[in-house]
Ligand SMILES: CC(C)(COP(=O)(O)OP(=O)(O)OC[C@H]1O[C@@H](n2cnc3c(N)ncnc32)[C@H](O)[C@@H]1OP(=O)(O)O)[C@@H](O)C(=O)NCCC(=O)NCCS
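Next up: just one chain, as C-alpha cells, the form predicted on its own.
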Amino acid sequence: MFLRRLDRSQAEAYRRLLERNRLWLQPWMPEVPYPLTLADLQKIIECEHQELKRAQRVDLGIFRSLDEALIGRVALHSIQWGVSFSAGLGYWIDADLAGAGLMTEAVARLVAVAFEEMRLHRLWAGVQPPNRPSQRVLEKLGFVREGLHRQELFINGRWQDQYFYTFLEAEFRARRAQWVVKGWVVD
C-alpha cells in the first residue's frame, strides 16, 4: 500500500468507497451525508488541500499497490504549532480489508511523516471503547492509552466516550528500527 493526497479526479472513487462502507463506518464516524454527490466529494477534496496549505490538516488516501485502488483514509487533524507541536490522528479502511495489517502500516507511515517531516512532538487519537480493532492498531504501534474522555463526540445519534491515546516523538525514535524491519516505514 501507499499513501498520497487525493485530487478532484479521484472524487468518484472516494464516493464509491464511502458508499460501500457507510454502515461499517456509522458507529465510529460522523454520519456520511446521503446522497453523497460527486460535487460534494470534489469540494471536500478541495477543502482538504486548502487546510494542508494552512498547515492545519494532512488528509491522505490509502491506496493498494497492486491496482492503485483507493482503500481507506488516514489524516492528521487539529494540528497545533506554537508550544505544543501536536496533532490528532484519524483513520479508516474498507471493511473488506480490515484485519489484514494494512491500517497499522498506513498509520505508521503517517506517524513517520508527522515526526520526521513535520517535526511534531506529540500525536493523539481518540477511539471509542467498543472499537477494539482500532485500539489494537494504536497499541501495536506503541501509543499509550492515557484515559477516557467521557461523552466527547456526538456520533451515531448519541454522545460517545473515547479512550485517549498519545505517542511522542521520542517513543517513535525508539521504535523506528523495529518498524523498518516490519516494513511499515522505509529507512
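The structure displayed is predicted, hence computed values, not measured ones. Heads up: residue numbers just count along the shown sequence, starting at 1.
Same protein, other form: the form predicted in complex with the named molecule, not shown, and the subject of what follows.
Enquirer: From the candidate stretches 22-30, 116-124, 49-57, 144-152, select the single one in contact with the named molecule in the predicted bound form, where contact means a heavy atom within 4.5 Å.
Expert: Result for this chain: 22-30.
Enquirer: Looking at Ala112, Ile79, Ala98, Ala75, which has any heavy atom no more than 4.5 Å from the named molecule in the predicted bound form?
Expert: For this set of options, the contacting one is Ala98.
Enquirer: Would Val137 show up as a contact with the named molecule in the predicted bound form if we use heavy atoms at 4.5 Å?
Expert: Although the named molecule is absent here, Val137 would touch it in the predicted bound form, with heavy atoms inside 4.5 Å.
Enquirer: Check whether Met103 has any heavy atom within 4.5 Å of a heavy atom of the named molecule in the predicted bound form, and answer yes or no.
Expert: It does: once the named molecule is placed as it appears in the predicted bound form, Met103 has a heavy atom within 4.5 Å of it.
Enquirer: Would you classify Ile93 as touching the named molecule in the predicted bound form, given a 4.5 Å non-hydrogen atom cut-off?
Expert: Because a heavy atom of Ile93 falls inside 4.5 Å of the named molecule in the predicted bound form, the answer is yes.
Enquirer: Would Asn131 count as touching the named molecule in the predicted bound form under a 4.5 Å heavy atom rule?
Expert: Judged by the heavy-atom cut-off of 4.5 Å, Asn131 is in contact with the named molecule in the predicted bound form.
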